[in-house]
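Here's a solo chain for you in structure tokens, the form predicted alone.
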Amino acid sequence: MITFVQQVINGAAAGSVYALLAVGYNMVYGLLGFINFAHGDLYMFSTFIVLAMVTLHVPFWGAVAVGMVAACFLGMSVERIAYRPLRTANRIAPTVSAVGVALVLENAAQVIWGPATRPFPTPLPQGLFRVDGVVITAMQIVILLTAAAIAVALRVGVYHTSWGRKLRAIRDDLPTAELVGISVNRLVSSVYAVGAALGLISGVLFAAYYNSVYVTMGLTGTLNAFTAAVLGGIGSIGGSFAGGLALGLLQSLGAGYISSGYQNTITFVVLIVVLLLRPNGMFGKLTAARA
């Protein structure tokens, strides 16, 4: 039982990072129907920017602020250059463009920072607590609280603000939203910025939790975000959080009872099973196609 509880706690912390990634991923899909395969590499690249600022002796929170600005700028730039011109194209076109952007970011990061794994110095609390044999780290508590706070803030933003109402109008009928005076391009760009900012937050939490940053974390992040989004329901923000937590728990239990070397395998197995049994995910809804 102690082992089980320990793996649940570990999985909830890792799953919270996946949840933040998946939300940014799902916001774009829910709005435009685009699968943003560059999302994980944006999270990786902006986390490296934070590490670079810390290495230059910029105070940690100042480095995070710089990384946040850089992440938003990158997200909006990618939308403007790689996605906006393809908004009305065949759905395969923006997907291929996203893969191209991901490769560019990954190779740029490798040229700038190299392929080696780097430690991530952080002032975030690193202590631990023991409760009846179960170890809970301070970082796990920080991750869980941060994810919960962001979940609440996003729900308020999407369902109780003018920004959120306009986003839902664009999602429901983009041409009509333009006709009634909604600045579609500006709103869409803001979604990419928010998604990239969430990626930066999840990247900093991931790097602080595992004390490491590496170039291929972008590919792993994309895989986990996509799986969490599918598991929770593509297009559902709440489902993204639930899917991220569920994926983290499944990976942690698999690592505890089978082997930590099979985490990516578990991710693919979960993805295949969900697509076969419930392709709309836990909270996804069936939608009727227009004739």
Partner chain sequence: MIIAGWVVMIVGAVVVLLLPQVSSPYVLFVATEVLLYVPLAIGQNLITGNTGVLSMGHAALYGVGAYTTGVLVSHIAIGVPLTLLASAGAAALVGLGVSLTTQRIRGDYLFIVTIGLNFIFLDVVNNSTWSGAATGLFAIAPPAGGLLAVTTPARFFYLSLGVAALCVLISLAILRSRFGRAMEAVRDDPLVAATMGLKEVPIKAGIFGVAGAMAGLSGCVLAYFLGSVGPQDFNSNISLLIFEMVIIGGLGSVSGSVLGAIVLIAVPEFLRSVQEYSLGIGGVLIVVMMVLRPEGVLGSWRTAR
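Note that the structure is predicted; figures quoted are calculated from it, not measured. Note that the rigid core is defined as the largest set of C-alphas that superpose within 1.5 Å between two forms. Positions refer to the first chain, counted from 1.
The following text describes the form predicted in complex with the partner chain, which does not appear among the structures shown.
Proximity to the partner chain in the predicted bound form, defined as a heavy atom within 4.5 Å, singles out one entry of 104, 138, 145, 153, which is 104.
Exactly one listed residue, out of 131, 128, 89, 149, brings a non-hydrogen atom to within 4.5 Å of the partner chain in the predicted bound form: 89.
Partner proximity in the predicted bound form, defined as non-hydrogen atoms within 4.5 angstroms of the partner chain, places exactly one of 95 to 103, 164 to 172, 178 to 186, 68 to 76 at the interface: 95 to 103. Among residues of the shown chain, residue 37 is one whose heavy atoms approach the partner chain to within 4.5 Å in the predicted bound form. Among heavy atoms of residue 62, none comes within 4.5 Å of the partner chain in the predicted bound form.
The closest heavy atom approach of residue 219 to the partner chain in the predicted bound form falls within 4.5 Å. A residue is said to contact a partner when one of its heavy atoms sits within 4.5 Å of a partner heavy atom; residue 234 meets this definition for the partner chain in the predicted bound form. Residues 25, 29, 33, 35, 37 are the ones in 20 to 43 with at least one heavy atom within 4.5 Å of the partner chain in the predicted bound form, listed in sequence order. After superposition on the rigid core, the Cα of residue 58 moves by less than 2 Å between the shown form and the other one. The Cα shift for residue 258 between the shown form and the other one, taken after rigid core superposition, is 2 angstroms or larger.
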